[in-house]
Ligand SMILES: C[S@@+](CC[C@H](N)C(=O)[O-])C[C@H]1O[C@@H](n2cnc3c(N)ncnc32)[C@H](O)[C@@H]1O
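Quick setup: one chain, the form predicted on its own, written in structure tokens, and binding and motion questions come after.
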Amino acid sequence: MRKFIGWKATGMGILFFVLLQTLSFSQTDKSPFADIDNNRVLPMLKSLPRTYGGMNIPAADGRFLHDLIIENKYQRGLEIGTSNGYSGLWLGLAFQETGGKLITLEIERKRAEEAQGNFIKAGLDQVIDARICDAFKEIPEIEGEFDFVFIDAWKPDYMEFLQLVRHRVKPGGLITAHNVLNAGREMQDFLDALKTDQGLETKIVRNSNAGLSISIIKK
């Protein structure tokens, strides 16, 4: 696993920036699959995007999120938009290492069932709770807080998802979102909210054309 500085100690904003810069740099000269030694998951991480027509998150983005979870020892994650489970494999692998759990939500049954099969094949079905549901209805029914949220669903809905999870994430936890660069026009209200929310510290990771927003909940 890559080693880099975390942000939970002091000077959160500065350490947050250093963390993202360091991790982004480390990904420029290393394979995203480096040091992944799970022989069940690794072949799927390499092959699944090709079989799905390139609609999954880039492997580098998956590895980025994976490393954030592990470095900060997050225990309870929520993914909004499972699709066929590729991003969930990265997240689930990280939560397996931290001893945590991931809940992932998908409304399209065919994709969700494919994802459930992939999680079983990867041996991560005990870590990942994959639900076929309407996330707008399901999230309010889930009890407790999260320390990590990943949004990768219908882009115009990002703002509403942010409103649903904003006060469900612990201080020091993260709200992350995909496609904030290549689909930014479809979620401008969401991006504006990230900028104006005084309780968030947000950076945009530009390692891929899609773009990731990483927002830490301030203490």
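Model, not experiment: these values are computed from the prediction. Start at 1 and count along the sequence shown; that's the residue number.
There is also a form predicted in complex with this ligand; it is not shown, and the following applies to it.
> this ligand isn't shown here, but in the predicted bound form which of Ala122, Leu93, Ile128, Leu105 has a heavy atom within 4.5 Å of it?
Replying inline: Selected option: Leu105.
> Of Ile36, Met159, Ala153, Leu45, which one comes within 4.5 Å of this ligand in the predicted bound form, counting heavy atoms only?
Replying inline: Comparing distances to this ligand in the predicted bound form, the residue within 4.5 Å is Ala153.
> Should Arg111 be counted as a contact of this ligand in the predicted bound form, where contact means heavy atoms within 4.5 Å?
Replying inline: Arg111 belongs to the contact set for this ligand.
>> Would you classify Ile57 as touching this ligand in the predicted bound form, given a 4.5 Å non-hydrogen atom cut-off?
In response: Yes, Ile57 is a contact residue.
> Within a 4.5 Å heavy atom cut-off, is Asn118 in contact with this ligand in the predicted bound form?
Replying inline: Although this ligand is absent here, Asn118 would stay clear of it in the predicted bound form, with no heavy atoms inside 4.5 Å.
>> Considering non-hydrogen atoms and a 4.5 Å limit, does this ligand approach Val149 in the predicted bound form?
In response: Answer no; every heavy atom of Val149 is more than 4.5 Å from this ligand in the predicted bound form.
>> With the partner left out here, which residues of 121-142 have a non-hydrogen atom within 4.5 Å of this ligand in the predicted bound form?
In response: Cys133, Asp134, Ala135, Phe136 sit within 4.5 Å of the partner.
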